[in-house]
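A lone chain, given as structure tokens: the form predicted alone.
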Amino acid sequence: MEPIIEVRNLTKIFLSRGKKITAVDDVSFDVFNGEIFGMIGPNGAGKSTIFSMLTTLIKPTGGSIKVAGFDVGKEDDRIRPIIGIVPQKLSLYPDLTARENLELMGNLYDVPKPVMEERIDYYLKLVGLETHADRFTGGFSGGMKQRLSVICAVIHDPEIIFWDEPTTGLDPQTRQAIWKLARKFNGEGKTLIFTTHYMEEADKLSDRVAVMNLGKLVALDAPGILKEKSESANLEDVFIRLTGEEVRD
């Protein structure tokens, strides 16, 4: 498999009250085209900082990142149209309807109107929101907002989807629906990269899992192999052994 993301010796240092804080410390890995790549780790492990660098939101202090062959920091304008981002803090406009939120995102990416209208109808039906298309999103439930946020991120048909803690705070039924949606997008050839605090989610969704701790990459492999190496029946035990932290509920 060919890598669609190449990370080499990635470092990010922040200044806080005159002190240097290393949030990401010499991290290297590849994400392969068409895989579902999970990232787990305690709070402060560096996951979100890596996400922000991969999606061109912040620049690395050192090292390099290539996304689909383009250099982060040098070719960001070539990267942004081919990625979709589902943030942990959803960024929907509550005074717009579901359809209007999707139209806004489509227009930002210059999606042609006929194509956009077809995609909007398709995606709203896909996530079960077709009967809510003309409702203001401020009145949506958390699960409805999450589903709408996902399709806002893919309205421009990106190659890569970045998903930050996709099911935090959702009920089990909605969580299963999000997993199904992730697998569908992956089945259509999209590469998915997500962070999570749910070990079951990382185990069931990921082709490979990266374990971060204190800014360093401490393990990277398929969930089954990580469990086999640790002689563990579940990924939670692997997490605890590698990080020394309990899993957050």
Partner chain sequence: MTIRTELKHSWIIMIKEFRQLFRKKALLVPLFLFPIIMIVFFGYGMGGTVKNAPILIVNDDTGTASGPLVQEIGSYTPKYGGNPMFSITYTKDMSQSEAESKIDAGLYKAVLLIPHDYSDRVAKNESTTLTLLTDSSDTTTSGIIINFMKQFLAKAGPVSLNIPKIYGDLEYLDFLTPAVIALTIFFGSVATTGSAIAGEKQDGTIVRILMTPVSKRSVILGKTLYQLILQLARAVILIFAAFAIMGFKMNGSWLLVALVLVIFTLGGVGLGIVMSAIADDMESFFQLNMLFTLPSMFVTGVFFPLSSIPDWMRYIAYLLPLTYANNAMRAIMIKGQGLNAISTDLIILSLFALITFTAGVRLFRREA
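Keep in mind that what you see is a predicted model, and the values were worked out from it rather than measured. Residue numbers count along the first chain shown, from 1.
What comes next is about the form predicted together with the partner chain, which is not displayed.
- Proximity to the partner chain in the model of the complex, defined as a heavy atom within 4.5 Å, holds among I120, A177, I160, L92 only for L92.
- Residue M105 is the only one of V72, M116, M105, V127 with a heavy atom lying within 4.5 Å of the partner chain in the model of the complex.
- For N213, no non-hydrogen atom is located within 4.5 Å of the partner chain in the model of the complex, even though that partner is not displayed.
- When contacts are judged by a 4.5 Å heavy atom cut-off, F136 does not count as touching the partner chain in the model of the complex.
- Interface residue remark: A98 is not counted as part of the site for the partner chain in the model of the complex, having no heavy atom within 4.5 Å.
- The partner chain in the model of the complex is not approached by M144, whose heavy atoms all lie more than 4.5 angstroms from it.
- In summary, the region of this chain contacting the partner chain in the model of the complex, judged by heavy atoms within 4.5 Å and restricted to 38-46, 54-62, 216-224, 189-197, corresponds to 54-62.
- Applying a 4.5 Å heavy atom cutoff to the partner chain in the model of the complex picks out S149, C152, A153 from 146-161, in order along the sequence.
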